[in-house]
Structures are given as C-alpha cells and as structure tokens.
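The chain below stands alone, shown as structure tokens; this is the form predicted on its own.
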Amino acid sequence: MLGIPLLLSGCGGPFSTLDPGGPGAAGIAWLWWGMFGYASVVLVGLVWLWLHAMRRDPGNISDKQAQTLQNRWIFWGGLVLPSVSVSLILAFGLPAGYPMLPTPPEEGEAVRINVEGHQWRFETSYPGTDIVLENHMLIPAGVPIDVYLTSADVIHSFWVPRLSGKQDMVPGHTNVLRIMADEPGRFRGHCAEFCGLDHAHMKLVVEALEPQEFDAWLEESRTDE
C-alpha cells in the first residue's frame, strides 16, 4: 500500500497521457483506466483459478470427463474471454477516438493550423497569414483546432500527449487531427516516429491562450507583416 502513491506519481507530467488537458486526451485516459481495471479483474480471477487448481483434489475422473473439462476451459478461456475483451475495447475505444476526428463542432468553427514535419523540427503555419513558427504552436483555449499534418521528407508523428493521440505525418499526404485545450497553458509535444539521427530532439511546445489573446496575437502578426 505504501508504494501506491509512488506508482501513481508517474501518472502526471508534461508527457503523461493520464493527465489530460483536453477532450481527446481525456477519452484516451478513461479508456486506459478502464482497460487497466478490466485487466486487473481478469488477472485476479486467473490467479485465483490457478491457486484453486493447484490445491484441489481432482478425484477419480475418466478420460472422457477430463477431455470435456479441457474443452470447456478452451471454449471459455480461449474463445469467450478474448472475444468479450476485444468487443469491449472496440465498444469503448471507438467513441473515445471520436473527439480527435475533424467533425463539425457543435458551436462555432474549428481553427485550422498547418504543421509540416522536417528533419528535425515542426513548422507551424496559419492559413491566410504569413505566420510561420518553428517547434512552437499557439492555439486558443476551449476552441477546437484542426491540425493539418504532412511531412517534407520522411514519416514523422505528431504527438501532444495531454491534448490528443498520435497522428502520422506522411510525405505527399495530409492527415487531420482535432485537438483542444480545456484551459490556457503550455503543453509539450514530440515526434513519436523514429525519423533519423536527431529524432529525440524533435520537440514541440503548444501554448494555449485565452481566445481573445489569441485573436489579438493573430491580428497583430498580420499587421506586422
């Protein structure tokens, strides 16, 4: 019991998927905790059955009865349990991924931001402006953001753990990922696909501003241009 707080301390931090800062990451976190709970119940059940099998007296049973019992274990443990487990993951996993799809928002419009991967940096641009940021992205908090992802060279992967899941950045192809920050703050991202020598240093900072502050920054940048 004393080690539980120590173990849970690893659930936080800038790269923790279990410390969500937006709806996309929240769905992933809830799915993970659900899978963890379900797997724990299955593990406890299997250990109990194993201990029970080790201690019980099998008695005198015929070969036919032994074969029937073996077939029963194969059916329930080898077919039913995996089928139910996979079905549950799909049933809860598909809705968990819905907030990351570029669907029409319930209110307002999503903000489009383009991100292009390079060896070894993220280049962020804002349509309709001449703004180009390197390894930095400014977004309005509480507003859905559609990130249009592509690559100029090799396959990279866009990942801001506290805001959403991973999405590949493929040369000649554009993937769209929906992200949103619940409140202002700074969120760290990283390339999640090995892309060469300096892959470990390909990092990104996403800074969520108040919507009014973001609009003012965008307008000021346009004026400066």
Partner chain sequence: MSELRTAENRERLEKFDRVWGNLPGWGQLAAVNHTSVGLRFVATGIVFFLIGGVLAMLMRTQLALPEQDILSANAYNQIFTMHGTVMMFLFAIPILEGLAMYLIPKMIGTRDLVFPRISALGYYCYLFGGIIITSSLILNIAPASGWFMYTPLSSSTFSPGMGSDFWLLGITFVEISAMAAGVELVVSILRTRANGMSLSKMPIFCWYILAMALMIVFGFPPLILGSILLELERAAGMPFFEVAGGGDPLLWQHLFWLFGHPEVYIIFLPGAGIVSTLIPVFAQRPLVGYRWVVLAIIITGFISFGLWVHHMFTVGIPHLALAFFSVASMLVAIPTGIQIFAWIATLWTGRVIFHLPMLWIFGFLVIFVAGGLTGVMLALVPFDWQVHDTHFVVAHMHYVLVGGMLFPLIAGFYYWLPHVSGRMPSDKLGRWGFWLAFIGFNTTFLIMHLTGLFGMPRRVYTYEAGLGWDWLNMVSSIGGFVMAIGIAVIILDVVLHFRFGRKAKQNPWNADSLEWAVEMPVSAYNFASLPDVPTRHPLYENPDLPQSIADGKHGLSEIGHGRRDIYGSDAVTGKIQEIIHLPSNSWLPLQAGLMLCVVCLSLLLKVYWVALVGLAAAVFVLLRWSWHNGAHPRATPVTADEPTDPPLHSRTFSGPGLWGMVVSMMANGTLYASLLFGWFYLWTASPQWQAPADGPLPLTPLIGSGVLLSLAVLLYGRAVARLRQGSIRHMQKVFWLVAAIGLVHVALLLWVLLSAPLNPTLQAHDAVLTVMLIYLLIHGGLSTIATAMQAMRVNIGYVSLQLPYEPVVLMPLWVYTLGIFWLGFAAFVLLPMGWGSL
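Definition used throughout: the rigid core is the maximal C-alpha set that superposes within 1.5 Å between two forms. Numbering follows the first chain given and starts at 1. Since we're looking at a predicted model, the values are computed, not measured.
One more form of this protein exists, namely the form predicted together with the partner chain; it is left out here, but the text below deals with it.
Undergrad: Taking the partner chain as it sits in the model of the complex, is residue 211 near enough to touch it, meaning that at least one heavy atom pair lies within 4.5 angstroms?
TA: Although the partner chain is absent here, residue 211 would stay clear of it in the model of the complex, with no heavy atoms inside 4.5 Å.
Undergrad: Give a yes or no for residue 132: in the model of the complex, does one of its heavy atoms lie within 4.5 Å of a heavy atom belonging to the partner chain?
TA: Outside the cut-off, so no.
Undergrad: Give a yes or no for residue 182: in the model of the complex, does one of its heavy atoms lie within 4.5 Å of a heavy atom belonging to the partner chain?
TA: Judged by the heavy-atom cut-off of 4.5 Å, residue 182 is well away from the partner chain in the model of the complex.
Undergrad: Please run the contact check for residue 155 against the partner chain in the model of the complex: heavy atoms, 4.5 angstroms, yes or no?
TA: Heavy-atom contact with the partner chain at 4.5 Å: present for residue 155.
Undergrad: Pull the contact list for 16-33: residues with a heavy atom within 4.5 Å of the partner chain in the model of the complex, in sequence order.
TA: Result: 16, 17, 18, 25, 28, 31, 32.
Undergrad: So that I can tell if residue 85 moves, could you say whether its C-alpha shifts by at least 2 Å between this form and the one not shown after the core superposition?
TA: Superposed on the core, residue 85 moves its C-alpha 2 Å or more between this form and the one not shown.
Undergrad: Comparing between this form and the one not shown on the rigid core: C-alpha of residue 200 shifted by 2 Å or more?
TA: Superposed on the core, residue 200 moves its C-alpha less than 2 Å between this form and the one not shown.
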